[in-house]
Structures are given as structure tokens and as C-alpha cells.
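Only one chain comes next, encoded as C-alpha cells, the form predicted alone.
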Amino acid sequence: MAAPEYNVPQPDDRTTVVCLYCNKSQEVGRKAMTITCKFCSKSLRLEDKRVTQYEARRSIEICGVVTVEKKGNVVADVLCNGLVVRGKVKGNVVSRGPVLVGPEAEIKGDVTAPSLAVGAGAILAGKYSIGQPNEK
């Protein structure tokens, strides 16, 4: 009789995710789409998000990269691990990764990120806090 095959995750099937809310890291399966933080019990979405049309909501909170395409228009606060803007964003942005703003893009709101790259002709309106946050 053959031994049963179990789908046990191997170490290379895991990745480390940092919680958007409590800043604590934890290992998760590489294919996971959502998890609950084991420290603060908040739900975390792990996939990337691509916006190609008008989208209004209270907030977009994703442990991935948010991409706003040329015809995309986001009216929401954004909390993410990276942001690429080719269209329009109206709302505050807090990113743990780089924020890339295309040459015809528009951001109206405050932005906090470790780095910011802006293409010529982009429209930026708001306060910008770029660099590593000061630990208190």
C-alpha cells in the first residue's frame, strides 16, 4: 500500500509579509490571497491591484502594488506596499514601497512613501513625506 501524499508547504513555498497596521512580519504561503494578521487580527489582502476605470471607495488597503492605469481614476485613501500612477488619484497615500508617478498622472492628496519618482508634466497637489519615517 502506497503512503498517502500530503501537500505540505516547503520553506520555498513561503514568503514574509509585513502587516500594514502593526508593522510586524509573518510568514505566509506564497499562493495565499488573504490572511489575518496573527498579531493585530486585521485582515490583509496580499494580491496586487490594477485600476483601469473610475473607482470610488473609502480606502484601498493592499499588501501589494496598486497600479492606476491611464484611464483609471481612484477616489480613495490608499495604503499599500507600492503605487504606480498613470491616471488620477484623489486621496491620501501611505506606501511602504516606492511611488512612481507617470508624466500625465495626477495625485491630489498627501503622500507618505520611502521614495517618489515623478515624470515631467505630472500634477501633484498635497503634502509629501518622503524617506524613512522617524521612529519615536
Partner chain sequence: MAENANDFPTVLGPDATFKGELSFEKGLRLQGRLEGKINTPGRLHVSKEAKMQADVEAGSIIVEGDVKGNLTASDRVELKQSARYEGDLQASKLVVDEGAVFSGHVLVGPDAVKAGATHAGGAQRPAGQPGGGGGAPRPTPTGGPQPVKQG
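No experiment lies behind these values; they were computed from the predicted model shown. Numbering follows the first chain given and starts at 1.
If you look for the form predicted in complex with the partner chain, you will not find it shown, but the lines that follow are about it.
*Asks:* In the predicted complex, does residue 110 have a heavy atom within 4.5 Å of the partner chain?
*Replies:* It does: once the partner chain is placed as it appears in the predicted complex, residue 110 has a heavy atom within 4.5 Å of it.
*Asks:* Indicate whether the partner chain has at least one heavy atom within 4.5 Å of a heavy atom of residue 117 in the predicted complex.
*Replies:* Residue-level check for residue 117: yes, a contact with the partner chain.
*Asks:* In the predicted complex, does residue 21 have a heavy atom within 4.5 Å of the partner chain?
*Replies:* Residue 21: no, not in contact with the partner chain in the predicted complex.
*Asks:* Would you please decide whether residue 104 lies within 4.5 angstroms of the partner chain in the predicted complex, comparing each non-hydrogen atom pair?
*Replies:* Contact check for residue 104: yes, within 4.5 Å of the partner chain in the predicted complex.
*Asks:* Relative to the partner chain in the predicted complex, which residues of 110-129 have a heavy atom no more than 4.5 Å away?
*Replies:* The stretch touches the partner through 110, 115, 116, 117, 118, 119, 120, 121, 122, 123, 124, 125, 126, 127, 128, 129.
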